[in-house]
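This document opens with one chain alone, in structure tokens, the form predicted alone.
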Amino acid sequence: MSGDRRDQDVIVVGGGVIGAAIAYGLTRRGVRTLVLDESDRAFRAARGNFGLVWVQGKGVSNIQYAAWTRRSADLWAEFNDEIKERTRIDTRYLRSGGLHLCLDEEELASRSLLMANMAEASEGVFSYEMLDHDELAHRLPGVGPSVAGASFSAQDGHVDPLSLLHALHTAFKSTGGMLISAPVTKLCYEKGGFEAKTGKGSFYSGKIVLAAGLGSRALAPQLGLNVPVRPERGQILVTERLKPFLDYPTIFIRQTEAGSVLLGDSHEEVGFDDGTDIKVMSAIANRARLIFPRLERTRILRAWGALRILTPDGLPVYQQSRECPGAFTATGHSGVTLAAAHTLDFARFVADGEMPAALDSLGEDRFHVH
């Protein structure tokens, strides 16, 4: 790129939940922002997202990630009210508390220890309860006898992930943002700024945010960044609509406002295959039947697979490039939970050009690149 041509203040590469949240966070601050998105033909992680705004269990091995997750969950109500007022789109967000179900006593004991460690590390900021089977059955009538108990945190909630993505795109455009469906083929940096090359031409900006999910791995080195992500498939089954019976989301089963029940939480190392597998679907359905015997005769209407975005340690990557100042990356698999923090906090970091020390341990240095 020659000269100092900057058509935009910031280009965000990737229009999924993470990229859209950051892009909206920038435009709401008056920053001229362009999103370059591969379109819905891409491996859109939101298609397979369970819709959890989840705190418990997040950041067990990383205090900064745990605090970042809690902050985002605490910001979600304010964030949701803002985008609902701006777009009139209901994301169906509800902070009802959430349950992690344990199918045997050994798992329950292990879960209890993990929750205690999280609470201790947070100095009491993280709150939870451990429920035995009888206590759980009081909250979830009809839970199966094979469920030993659960951990409960009032800090958890859930949302419709596709409505969230739609709301973010709408809010972004309504605040002056531009979205173009054009896969990025190459990224270039000169002191004057950045050039993003696509099949629809080149686009220029003073800063750039790489939030391209699984595509970030190939593009990151062009900005002096390292984003070692890999795909992990998860499959989701959707039942017919049922009368409300599940007041709390769980990591295995969630009932939507419309009455459909989502079944999921498979973890499959199958590369970029986002299809379905009958053995995995059978295992998901059987586990759901054990948890709630009432589901045994419930019809499954549809099922699909989608790819999660995982780093080697499962934590997100937040980094400003040392080689190309003004280039940032935000990549991970908890885009729904972190949407509020990405909009209200991370976009500010990009606008100001500084990454906070509070996210130091989530940078690329932990992968021993430098």
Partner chain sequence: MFTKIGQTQEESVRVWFEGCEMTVGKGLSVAAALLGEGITHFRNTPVTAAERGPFCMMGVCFDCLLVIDGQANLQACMVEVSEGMCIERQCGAADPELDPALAATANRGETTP
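The model shown is predicted, which means the values in this text are computed figures rather than measured ones. Numbering follows the first chain given and starts at 1.
Just so you know, the form predicted together with its partner chain exists too; it's not on screen, but the next bit is about it.
* **Per-stretch contact check against its partner chain in the predicted complex, the hit in 224-232, 295-303, 147-155, 75-83 (non-hydrogen atom, 4.5 angstroms)** => Correct option: 295-303.
* Asked: Are any of the heavy atoms in residue 119 no more than 4.5 Å from a heavy atom of its partner chain in the predicted complex?
  -> Residue 119 lies outside the contact set for its partner chain.
* Heavy atom to heavy atom, is residue 243 within 4.5 Å of its partner chain in the predicted complex? -> Residue 243: yes, in contact with its partner chain in the predicted complex.
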